[in-house]
Ligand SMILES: NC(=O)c1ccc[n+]([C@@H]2O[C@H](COP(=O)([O-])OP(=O)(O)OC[C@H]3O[C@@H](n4cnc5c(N)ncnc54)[C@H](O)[C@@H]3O)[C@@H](O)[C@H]2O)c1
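Just one chain follows, in the form predicted alone, and it is written as structure tokens.
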Amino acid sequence: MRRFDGRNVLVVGGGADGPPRPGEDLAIGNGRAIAIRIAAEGAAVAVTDRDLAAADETVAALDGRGLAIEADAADPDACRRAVDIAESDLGPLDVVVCNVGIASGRALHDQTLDDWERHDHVNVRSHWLTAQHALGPMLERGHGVFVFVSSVAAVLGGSGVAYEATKAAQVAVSRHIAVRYAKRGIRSNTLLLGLIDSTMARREFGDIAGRMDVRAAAPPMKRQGTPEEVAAAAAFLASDDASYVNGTTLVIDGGLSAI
């Protein structure tokens, strides 16, 4: 499929910070998998990461034109600047994928203000600032698509309180865009991810004996999802195949939230 021929896409958080899967040379996280998938379907893709080398690794793996941008999602100016750089180099943005995120497992009783604010800055503020800065030119052109990568923690308990709250807020931002700007040619949807065998999961849990096995056993499908499966869903929502899909949440969790 070449659903993105002639289109320019920005993937926020498109590097990878964690070990590869056994037998792989290149570590694949959700953002990197999304960038690779959309590029394979014809898009020119700009990738941001706070580590420029990680963004460069993603761009080197793309099938087509790519651009690596160093941008710390916790820095408001960097969020806006990344949009400007992408549009200046690639051209008008057709799709923005807001993927960057952090997680901690703090419960309410030991949640700190610093940790809460860090979650807010990365998981929510970075995304609405990026979307806000990209939105104006999209409105002028009369078309644009946003895909937010969130988590089932937005609707299920059991994770850290700051993670749950910020992932729910991320859904709210996406829904606001979908409702407020649909009549002006803008679509916005959200992926709710379950237990994915991503670089973040391998970094956080890979050295804890049995933890990845527990994650794999939790969904009814008895396995974790893959970043490539996340990328397939993101590509669908970003494409014209989803031209009448707006304001929704697509759950990618192997049935975990149906239990």
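On a predicted model such as this, the values are computed, not experimentally measured, just so you know. Start at 1 and count along the sequence shown; that's the residue number.
Note that the form predicted together with the named molecule isn't included here; everything after this is about it.
J.: According to a 4.5 angstroms non-hydrogen atom cut-off, is Arg118 in contact with the named molecule in the predicted complex?
T.: Arg118: contacts the named molecule in the predicted complex.
J.: Under a 4.5 Å heavy atom criterion, is Leu10 part of the interface with the named molecule in the predicted complex?
T.: No, no contact at 4.5 Å.
J.: Does the 4.5 Å heavy atom contact test between Glu87 and the named molecule in the predicted complex come out positive?
T.: Glu87 lies outside the contact set for the named molecule.
J.: Answer with yes or no whether Asp63 is in contact with the named molecule in the predicted complex, where contact means some heavy atom within 4.5 Å.
T.: Output for Asp63 is no: heavy atoms all beyond 4.5 Å of the named molecule.
J.: So which residues in 183 to 200, when you check the named molecule in the predicted complex, have a heavy atom no farther than 4.5 Å from it?
T.: Contacting residues: Leu193, Gly194, Leu195, Ile196, Ser198, Thr199, Met200.
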